[in-house]
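You are given structure tokens for the same protein chain in two forms, set apart as structure 1 and structure 2.
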Structure 1
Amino acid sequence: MAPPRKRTICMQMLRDQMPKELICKNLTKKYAGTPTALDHVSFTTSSSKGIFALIGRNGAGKTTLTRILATELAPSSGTASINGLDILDDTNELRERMAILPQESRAVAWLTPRQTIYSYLLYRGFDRAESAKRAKNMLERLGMSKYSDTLNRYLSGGLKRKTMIAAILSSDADILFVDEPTTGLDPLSRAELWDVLKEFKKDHFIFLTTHYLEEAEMLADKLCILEKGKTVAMGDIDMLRNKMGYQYSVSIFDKNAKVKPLVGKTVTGHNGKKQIFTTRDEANRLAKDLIEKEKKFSINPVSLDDIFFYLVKKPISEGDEEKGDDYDY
């Protein structure tokens, strides 16, 4: 029998030769007295690099799935692995390779951004010189140098969030779990962070959850839509468009507007807004009809927001209050 150290080295070599994939098999999570948070979630995606975006409404199960994959929460049943490491059997080794930004993370009030990143890196095992260097470089990259030595308690909510993001990015971990990273950021700060994430995804795997569909469409190489604990659709943006089967989206804001029968699919919200997904020719015909009737409408190529609205039948921004029905024209 091989000595334990040799067995460990051999196992590591085998894992390094395996395809880098995130694999979920029937992941289920049930909390006592509440509906099932995750219901037999199964999918496989590359985890060598790039951004995998998990999107869904509040209560869809995004945070639960993220916490399970980040080894913070045990599933009720099912299995998952990342790059050959099982989330339950190889927890310690997996944690050494990942960095996590939970949605509820907060910057310590009596530390500065520089101290926040520096102490985080020390905790991860970097020496003092390397920790100081990485903290300085990351604050510069995020445009936060002038706030380096300001107490977190005096920073805006957006700057506090950027400080926490800077900490995990500075670790240079292979796998990054980022839950709602740009919540609270102004448009300019959000765009700056997008640039950083685009750069990091070139040689890191980033598991991103977000409510901002524009953000997911802008950043993600692959997307997964989660609804009521189940996967509704998964793929890159073109695959999701193909799943819809329509190229254009027409929004009609007059609830009394009547349109001629056309090829397509319509979802109607409780506020009377009609969202029609159709072909280019039918969109052109519909636009002419609405212009003649002087109705307020918009027409655009199908976006991720449209795809989500179509597949889930509810807009992500309106939570559980939307009561829509769908029918063919």
Structure 2
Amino acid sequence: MAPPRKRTICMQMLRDQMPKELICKNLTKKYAGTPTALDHVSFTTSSSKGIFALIGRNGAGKTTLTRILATELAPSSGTASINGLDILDDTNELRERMAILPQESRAVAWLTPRQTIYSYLLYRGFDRAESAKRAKNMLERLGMSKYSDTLNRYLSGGLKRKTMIAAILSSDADILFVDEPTTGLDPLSRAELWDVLKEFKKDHFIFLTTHYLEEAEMLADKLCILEKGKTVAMGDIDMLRNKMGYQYSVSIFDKNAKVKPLVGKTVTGHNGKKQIFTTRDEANRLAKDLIEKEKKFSINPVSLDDIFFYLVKKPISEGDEEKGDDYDY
């Protein structure tokens, strides 16, 4: 039998040769006195690089799943592994490779951005010289040098979040958990953070949770919709469109317009418009019909918003899809 040290090296080599994947098997989390937060969540996704976005409403279980995968929370049952490392058995090794920006995390008020990043890197185990060098480089890379010695309490919300993101990005963790990073930020600050994440997804695996669907659509290479602790759908945006079965959305401004699609679903959108999800050919036919009837309308490819509401919300009346049943959302 190989001595322990050799065994460890062999295990390491084996793991490095394994496909980089995040695998969840029947992950379940129950908190006392509350509905099940995660209910047998199972999926597999590549975790070599890119952004995997977990979307869902508030309370869908996004943060619980993130915290379990980030080894902060133990599941009630089920297992998960990232790049061959089990979240319960290989915790220390995983923690070497991952970093998390928790939901509602804030930059410590009495620190400057430089001090925030520097201290975090010390926690990661870098020595003082390396931490200082990395902090300086990251601040320069994110265009924050002029704020590096300003107390966090005096920074704008966007800069505070950017400081926190800079901290986890400056570590050499290749798995990053980013839980609702842009909540509460203005559109410009959000766009700035998106640019940062887009740049870093090229050589990191970023597990992003968000309830901003446009953010997920803009950033993610793969998406997973979570609803009431269960996975509703998973894949890239085209796969989700295919799951929905329709490629186009026809919005009609007059919600009382008498339009019945031959193929598709008619819904009342959250903006009050009549909306028809349908196929390309049917969208063409409807467009001609609506022009003849002089109705105002628009046609767009089905968006993530459409898919999300379609998959998450239950129709008011179940019926034959092909006949175009109605539901509200």
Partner chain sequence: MTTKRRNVFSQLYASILINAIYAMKNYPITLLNTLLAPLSILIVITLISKGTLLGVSIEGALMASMVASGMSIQGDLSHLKNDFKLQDMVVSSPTSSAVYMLGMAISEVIYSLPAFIVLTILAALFIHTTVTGYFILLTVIVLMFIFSISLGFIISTFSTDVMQNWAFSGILSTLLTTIPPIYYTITYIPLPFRYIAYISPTTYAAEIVQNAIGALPLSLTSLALDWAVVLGISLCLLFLAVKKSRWREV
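Sequence positions of structure 1, starting at 1, serve as the residue numbers. Only the largest set of C-alpha atoms that superpose within 1.5 Å between the two forms is called the rigid core. Because the structure is a prediction, the values reported are computed rather than measured.
#### Entry: Which of the two shown structures is the form predicted on its own
If we ask which form is the one predicted on its own, the answer is structure 1.
### Message
At a 2 Å cut-off on C-alpha positions, does Thr150 qualify as shifted between the two structures after fitting the rigid core?
### Response
No, shifts by less than 2 Å.
### Message
Does Gln103 shift between the two structures by 2 angstroms or more at the C-alpha, the core having been superposed?
### Response
Gln103 C-alpha, core-superposed: shift of less than 2 Å.
### Message
Given a core-based superposition, decide whether the C-alpha of Gly78 shifts by 2 Å or more between the two structures.
### Response
Gly78 C-alpha, core-superposed: shift of less than 2 Å.
### Task
Superpose the two forms on the rigid core, then give the C-alpha shift of Gly184 between the two structures in Å.
Its C-alpha position differs by 2.8 Å.
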